[in-house]
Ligand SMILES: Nc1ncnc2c1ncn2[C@@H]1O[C@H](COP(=O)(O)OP(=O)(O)O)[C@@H](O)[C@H]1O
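Presented as structure tokens, the chain that follows is alone, the form predicted alone.
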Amino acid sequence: MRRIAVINQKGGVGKTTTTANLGVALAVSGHRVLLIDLDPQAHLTLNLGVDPASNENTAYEVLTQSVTAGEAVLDVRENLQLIPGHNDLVSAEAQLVSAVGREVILRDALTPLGETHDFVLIDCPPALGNLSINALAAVEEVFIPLQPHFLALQGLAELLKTVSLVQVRVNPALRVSAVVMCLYELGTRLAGEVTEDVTRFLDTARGKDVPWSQARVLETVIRRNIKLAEAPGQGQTIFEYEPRSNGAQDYRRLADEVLSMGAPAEADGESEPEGSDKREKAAVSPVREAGSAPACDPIQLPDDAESPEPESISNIA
């Protein structure tokens, strides 16, 4: 099972569109997929034609009321399930501040599901708070949707810093796998330059002890397409709304590329360096409740002096 957080703290770059349509494309190809909506706007839930207010159990109850993932799961398409979002997730950020083991609540809730899915895709909110930390603690891979504008790159360093913190203190298996270029305008000089700059930056990380050392800019780009913007208003994905559109073609290709690239462990095949400080497990505090996994020390975000800074990221931001 591959668990992937789709994350970028900048809004409007294609996180929800990518989570929904990549998830459906994988499901159509025969894979069992679970989507999790952690955005308080619940746009992923709406995109799949589900009313956030109509569900007794949502991601909010999973994070704040000890509801298991199995109790919140909805069947929304063939091979596709959803843990819906809800506007109450706004208050979850504040409620989690004082919770013991707040970073791993989602991870613990997903544990009973076992290996029932081939893919778990988490749509993260446009902020690097407790909701996003829970997503990063529960997955092994990070996909970063990125609009090819220079302003969209400004928050990339902070995002990578957060991923590093979570990897060191909570989730040693966490890796950035891919950058997905969304809202791409073919033939423009700017789109090409930004893509080249991000590719060059990732290339400089090869062989280094950073969680994005194996990351790459995917060859598939998601072209700017009005049909992708219209589909959520009908509670449909692009494959239901306009299956012949450029958006549908792009997400089919993206699913094929995601399947071909494999999980990070398969891609790099490297074992954990013995005695590496980077891989040390975080100290733990008392368990959240009887029978739950140990909870990790709280993470200070995003300004932590001990966290590794991405090298040369300022050159592209």
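Since the model is a prediction, treat every value here as computed from it, not as a measurement. For every residue, the number given is its place in the sequence shown, counted from 1.
Keep in mind the form predicted together with the ligand is missing from the figure; the text below concerns it.
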Consider the chain as shown here, without its partner, and state which of 225, 164, 220, 214 has a heavy atom within 4.5 Å of the ligand in the model of the complex. 225
If contact means any heavy atom within 4.5 Å, which of 132 to 140, 203 to 211, 190 to 198, 226 to 234 contacts the ligand in the model of the complex? 226 to 234
Is residue 25 near the ligand? Define near as a heavy atom within 4.5 Å, in the model of the complex. no
Quick check on residue 104: any heavy atom within 4.5 Å of the ligand in the model of the complex? no
How about residue 80 - does it come within 4.5 Å of the ligand in the model of the complex, if we only consider non-hydrogen atoms? no
Answer yes if any heavy atom of residue 174 is within 4.5 Å of a heavy atom of the ligand in the model of the complex; otherwise answer no. no
Since the partner is left out here, which residues of 1 to 31 would have a heavy atom within 4.5 Å of the ligand in the model of the complex? 10, 11, 12, 13, 14, 15, 16, 17
